[in-house]
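Only one chain is included here, represented as structure tokens and corresponding to the form predicted on its own.
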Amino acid sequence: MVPKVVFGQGSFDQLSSILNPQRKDKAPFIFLVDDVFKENKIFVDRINLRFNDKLIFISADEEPKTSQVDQIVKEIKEEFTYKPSGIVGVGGGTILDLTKAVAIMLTNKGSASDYQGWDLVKTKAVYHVGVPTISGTGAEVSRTTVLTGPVRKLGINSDFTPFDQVILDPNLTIGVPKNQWFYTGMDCFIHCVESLNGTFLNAFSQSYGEKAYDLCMEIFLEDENLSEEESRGKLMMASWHGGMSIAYSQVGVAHAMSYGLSYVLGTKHGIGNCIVFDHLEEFYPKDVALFKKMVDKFNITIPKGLCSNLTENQINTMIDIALSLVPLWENALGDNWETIMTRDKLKQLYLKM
């Protein structure tokens, strides 16, 4: 679990006082920041760079890659003699996942792709802080950092992955485009659905999942009088609780299939989950119906026809990526999942999208 978290409007301004006790002599803090803030001088000034701190703007247009992690680590090691005091990620799920992975790879040898899997990391990461600027992915709380590698899309899932400190400031999500707000919000909703309907469910994950689910229902379907300010705070809490729920259980069908979409087509995670979930009535009938109501309420367009012109080889790669995520299928469908989710069934589902 993340050991330290602060929450509240304006809490981002506590960043310097949080980092100062962690500073080591001559060792900088490295800030990985979504490049959407590049021209926002007021926001950049709030980061309050000191001494030889380094700020790196990163585009979140594409899903994070193991090669990208390796390149950032290489540049940091070439520029600084000292190991950084810490890594701070400011942005959405892409930036937060990159931050966690860079922190790990600064203390572990080889490529980030060597650690894609469960509990492969052996050495503690450098101190790392997460500051989400969009809510829903749960990346701020999860023990995984999802990366696309040379042969698969899979997380670095370990006890050393979670942030040492998280700052949850709902004000940082002001101005997020509606579609992006919806897609990442639905990522949270789908986390809850897959956790609460999974075979790995336990009292701990259920308590977090139910709270996040209720918050999502309130935000996206039930409470017409919810102010934007209240909605921002509640969605940030839903994201946190949803991430905690899957940390102690697992996700399911939508996430397994969206990994295949992302690997082959580069589809962003949130929208990929929405594209898949839209066709999963067989597995989550009640919640897919609710999802469709949410889509209609906010007049959101779910892309269609993505897989209609794919080659047989591309479809097979999607299927291979999805089927490799065994814990997700075990959680969703039980020990006999392979008799339920055959290659042919997966192919037919993908061809609907």
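Numbering starts at 1 and runs along the sequence shown. Because the structure is a prediction, the values reported are computed rather than measured.
Just so it is clear, the following notes concern the form predicted in complex with another copy of the chain, a form of the same protein that is not shown.
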Would you classify residue 240 as touching another copy of the chain in the predicted complex, given a 4.5 Å non-hydrogen atom cut-off? yes
According to a 4.5 angstroms non-hydrogen atom cut-off, is residue 1 in contact with another copy of the chain in the predicted complex? yes
Would you classify residue 215 as touching another copy of the chain in the predicted complex, given a 4.5 Å non-hydrogen atom cut-off? yes
Classify residue 210 as contacting or not contacting another copy of the chain in the predicted complex by the rule of any non-hydrogen atom within 4.5 angstroms, answering yes or no. yes
Looking at 99-107, 119-127, 263-271, 195-203, which stretch has residues with any non-hydrogen atom within 4.5 Å of another copy of the chain in the predicted complex? 195-203
Among the candidates 219, 276, 154, 168, the residue which, in the predicted complex, approaches another copy of the chain to within 4.5 Å (heavy atoms): 168
Selected contact from 159, 282, 79, 223, since only one has a non-hydrogen atom within 4.5 angstroms of another copy of the chain in the predicted complex: 159
In the predicted complex, do 7, 233 and 248 all reach within 4.5 Å of another copy of the chain through at least one heavy atom apiece? yes
